[in-house]
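As a starting point, one isolated chain is supplied in structure tokens, in the form predicted alone.
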Amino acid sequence: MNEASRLSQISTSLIRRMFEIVEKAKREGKEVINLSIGEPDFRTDDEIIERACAAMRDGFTHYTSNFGIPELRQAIAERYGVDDRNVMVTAGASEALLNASLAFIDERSKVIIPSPNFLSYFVYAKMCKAKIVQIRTHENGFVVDPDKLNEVMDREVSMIFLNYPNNPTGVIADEKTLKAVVEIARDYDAIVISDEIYDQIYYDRKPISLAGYENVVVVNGFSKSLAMTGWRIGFVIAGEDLLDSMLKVHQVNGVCAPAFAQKAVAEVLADGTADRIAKKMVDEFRRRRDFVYSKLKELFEVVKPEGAFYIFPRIEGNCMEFVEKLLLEKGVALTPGTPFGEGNESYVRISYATSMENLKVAMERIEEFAHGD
């Protein structure tokens, strides 16, 4: 049987394929340090686990409202300075991104994606049969240039994807730039998707949120900031009319996030426990960031990350060849830059969401490899 035409231009995620290659190597007894997966290496905090268990015992094991439980919506609304009517809880941020894409990307419309950027945005646009327009940001510190955006904007643009702190670069865009993008999009009746999943993981300056703008859908969640990737708790913040459109997809797609997980997150947000958990992780991520950056800047051209837990150095030669040889010869797995958009053929993504012990060994091996040892 033939798959649907909407999937004809979509391949299996290269990041996931890298993960499978690494797992296969490990099963064969090879020692591999995996710096390719974007997931905190911390376990979910015991406080969250205990509260989730208590919630299950209290009966939070059923469907909730499609919008999520009131306690969580209120806690999120207070954090972002919006009304709880503008918040909808989803089964992870990925579901929220898909809901928004299906709700607002018209077939044959244009979708603008700054490069480099999170690879799934390209998949969502292709699934919706849209035309992808990329804006390279390499000469602007990996931050979108509003002037370049203006050059490609027209009435056929349905959506613009933003992601700051950025995956794969870790950069943060300033308030002036982000507001300029929102204003440009508004002039052309386009929706801005502001993916703020890393907004709690920052080091030198706090990223701003675009929550509250009429043409913006903010997507976020707790997978990264609370090390809850397997719990699937995300959310969107948007105007009620935009939420209504996304609800049409969410009610048949995600339905609702796990009730007990919603309850646990609501409680740790309300009493400040979530901030304590996030700070503890960020302090360790900062230590790792500083170490990895200090090593890589001696070897490659690299921008210092301000948030998230990625760094995106420019290497010599082709990124696919670099990644394959490094894995084969030194047992270190990275992610090639090509899945993150145009102009990334000489870049690799390194995730430092692993132990300092692993990072020290990995940096030694990368240095040896770069020097031809």
Ligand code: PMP
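Counting begins at 1, following the sequence as shown. Being a predicted model, the structure only gives us computed values, none of them experimental.
Just so it is clear, the following notes concern the form predicted in complex with the ligand, a form of the same protein that is not shown.
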Contact residue in the model of the complex, chosen from 169, 262, 163, 101 - any heavy atom within 4.5 Å of the ligand:
163
Sort through 213, 122, 198, 285 and report the residue having a heavy atom within 4.5 Å of the ligand in the model of the complex.
198
Out of the stretches listed (276 to 284, 149 to 157, 92 to 100, 240 to 248), which one is close to the ligand in the model of the complex, meaning heavy atoms within 4.5 Å?
92 to 100
Just checking whether residue 223 would be counted as a contact of the ligand in the model of the complex - the rule being heavy atoms within 4.5 angstroms.
yes
Would you classify residue 80 as touching the ligand in the model of the complex, given a 4.5 Å non-hydrogen atom cut-off?
no
4.5 Å heavy atom contact, residue 232 to the ligand in the model of the complex:
yes
Close approach of residue 142 to the ligand in the model of the complex, 4.5 Å, heavy atom
no
Those residues of 307 to 345 which, in the model of the complex, come within 4.5 Å of the ligand by heavy atom:
310
